[in-house]
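One chain follows as structure tokens, the form predicted alone.
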């Protein structure tokens, strides 16, 4: 599979949030403002390719070699938690101001199903480490596209006159459903 095919498929056709339905909780919670959506997305763009490469190497060189495939889930969860922690320590040294922003996103990164789902899908599709990195970056960009669109729609809807029963989460879920249906239009590509 070529890198371009993986990239376009992960960003548009099989979007991790809108098609695969992974990472819904951070998608809903971090999309209150565009600034918080961009903060989480920027962090995912850095972290997801790194996690994808390392999990791919661990899966191919260790888990499958020693017939430990049944440990894939706990191994990947530990790897994700360790990488997020190392990333946070590095950011504290490099940029203390961004570090304070990152503290708000730590729970979204460690338990984000989109991150774990990307690693698991990469292993399931038997991608090489470079293909996994492309897949991780594409999923992070797909997440960024979806959450940015959703955050901008939510900001506009906050200023609109909406029936009281639909305000808040109900309208957010309806909007997310409509956005997901819009992305289904890419499936014919």
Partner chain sequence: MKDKNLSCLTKGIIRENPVLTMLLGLCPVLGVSTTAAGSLSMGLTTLLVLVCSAASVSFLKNIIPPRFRLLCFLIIISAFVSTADILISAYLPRLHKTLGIYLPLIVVNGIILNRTELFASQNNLKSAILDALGMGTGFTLIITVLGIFREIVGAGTLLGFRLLPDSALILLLPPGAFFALACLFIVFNRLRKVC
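Numbering follows the first chain given and starts at 1. Because the structure is a prediction, the values reported are computed rather than measured.
Omitted from view is the form predicted together with the partner chain, to which the following refers.
Visitor: Answer for residue 73 alone: is it within 4.5 Å of the partner chain in the predicted complex, judged on heavy atom distances?
Guide: It does: once the partner chain is placed as it appears in the predicted complex, residue 73 has a heavy atom within 4.5 Å of it.
Visitor: Does residue 4 reach the partner chain in the predicted complex, with heavy atoms at most 4.5 Å apart?
Guide: No - in the predicted complex, heavy atoms of residue 4 and the partner chain never come within 4.5 Å of each other.
Visitor: At 4.5 Å between heavy atoms, is residue 91 in contact with the partner chain in the predicted complex?
Guide: Residue 91: no contact with the partner chain in the predicted complex.
Visitor: Using heavy atoms and a 4.5 Å limit, would one call residue 78 a contact residue for the partner chain in the predicted complex?
Guide: Taking the distances in the predicted complex, the answer for residue 78 is yes, it comes within 4.5 Å of the partner chain.
Visitor: The chain here is shown without the partner chain. Which stretch in 58 to 66, 136 to 144, 27 to 35, 45 to 53 comes within 4.5 angstroms of it in the predicted complex, by heavy atom distance?
Guide: Looking at the other structure, the answer is 27 to 35.
Visitor: Could you pull out the residues of 18 to 33 that have any heavy atom within 4.5 Å of the partner chain in the predicted complex?
Guide: Result: 18, 19, 20, 21, 22, 23, 24, 25, 28, 29.
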